[in-house]
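In structure tokens, the next block holds one chain alone, the form predicted alone.
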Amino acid sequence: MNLDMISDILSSMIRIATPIILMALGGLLCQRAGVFNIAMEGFSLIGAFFGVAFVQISGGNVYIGFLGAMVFGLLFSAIFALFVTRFKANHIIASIAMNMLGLGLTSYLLRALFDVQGRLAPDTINKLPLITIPVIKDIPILSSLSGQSIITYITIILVVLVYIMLFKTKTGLSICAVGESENAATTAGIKPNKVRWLVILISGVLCGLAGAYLSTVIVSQFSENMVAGRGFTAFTAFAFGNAHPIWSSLVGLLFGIAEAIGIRIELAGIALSPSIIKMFPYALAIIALTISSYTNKLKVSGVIGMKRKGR
């Protein structure tokens, strides 16, 4: 495997991981605030549909598509926020309901608004330009960071901003406080429901952006259920990354490179199922989560603390 091939795989990894990281950022904010959000699949599917819908309506303007996707991602997530804050619905059941609603609603709107079934390809779409970074474009390996969509670079900036917000600002402290102890947060003058509304709406916007990236940048069309489990992959990413922006993003890249290698194997016609390669991150996540759960159990029981005192 030469350097050019490695650079190509890494470039594909970044493109594939971009929507997963965007969803994971929204999900980990919810997790930090004590909201168990697995509705990212539905949020992103809404974003994917309205991203293409607004591109079609605007005559090919992809920026209008992204704006529409984020707005409707926010509106759709507001329904979820209403159920889990106002009506105190079970987070898991509400999430499953939102995913099912997203799938059914996009399929219905596809027929009702555009009179098509299965998929919608815009008549024209002005693709986002790829940004070339002069300093690194000719350097092997590092060249994978060049020639990406502007959304990818926005995602990198968002990872840093979410990290700063969570751990360096008063807003982040409020989010973490609500997730740790709602009663203690209330005593400190924080309004838990307000915080939860905030993180869920942010999650909706980020998932809407991720969905629009899938439908307008990666495939240039919307098809039914096209998110295809990426919302659950994003959940695995931030669960494995301990709801930390940096670690969750690295896990997202791990999923990205597994899929990129799987695609390469499939194109090369190698007698190895790409599914085996794609399975590795999930197997690693299960192992890591098992170890983490076992370690936490030992901490709760005091076994680890006793060992340290014995030393």
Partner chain sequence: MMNKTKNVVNNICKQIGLIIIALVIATIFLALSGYDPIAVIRGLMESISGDIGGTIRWATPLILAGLAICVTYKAEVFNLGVDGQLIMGACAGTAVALVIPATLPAGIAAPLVIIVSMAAGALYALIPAVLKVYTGTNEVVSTLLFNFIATLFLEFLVTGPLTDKTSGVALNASAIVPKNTWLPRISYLAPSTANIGFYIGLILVVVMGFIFYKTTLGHEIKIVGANRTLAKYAGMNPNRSVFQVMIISGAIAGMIGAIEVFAIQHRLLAGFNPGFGFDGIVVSLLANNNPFGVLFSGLFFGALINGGINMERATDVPSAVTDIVMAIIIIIVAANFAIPRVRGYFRLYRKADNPDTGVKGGKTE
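Residue numbers count along the first chain shown, from 1. Computed from a predicted structure; not experimentally measured.
FYI, the form predicted together with its partner chain isn't displayed, but the following is about it.
- A single residue from the set 57, 243, 64, 38 has any heavy atom within 4.5 angstroms of its partner chain in the model of the complex; that residue is 38.
- The listed set 188, 139, 131, 92 contains one residue whose heavy atoms approach its partner chain in the model of the complex to within 4.5 Å, identified as 92.
- Remark: of stretches 202-210, 94-102, 172-180, 156-164, the one touching its partner chain in the model of the complex is 94-102 (heavy atom within 4.5 Å).
- Three-residue candidate spot 72, 75 and 247; no residue lies within 4.5 angstroms of its partner chain in the model of the complex by any non-hydrogen atom.
- Although the partner is absent here, residue 236 lies within 4.5 Å of its partner chain in the model of the complex, judged by heavy atoms.
- Interface residue remark: residue 283 is counted as part of the site for its partner chain in the model of the complex, having a heavy atom within 4.5 Å.
- Mapping the unseen interface onto this chain, residue 150 falls outside it, with no heavy atom inside 4.5 Å of its partner chain in the model of the complex.
- Shown alone here, residue 118 lies farther than 4.5 Å from its partner chain in the model of the complex, counting heavy atoms only.
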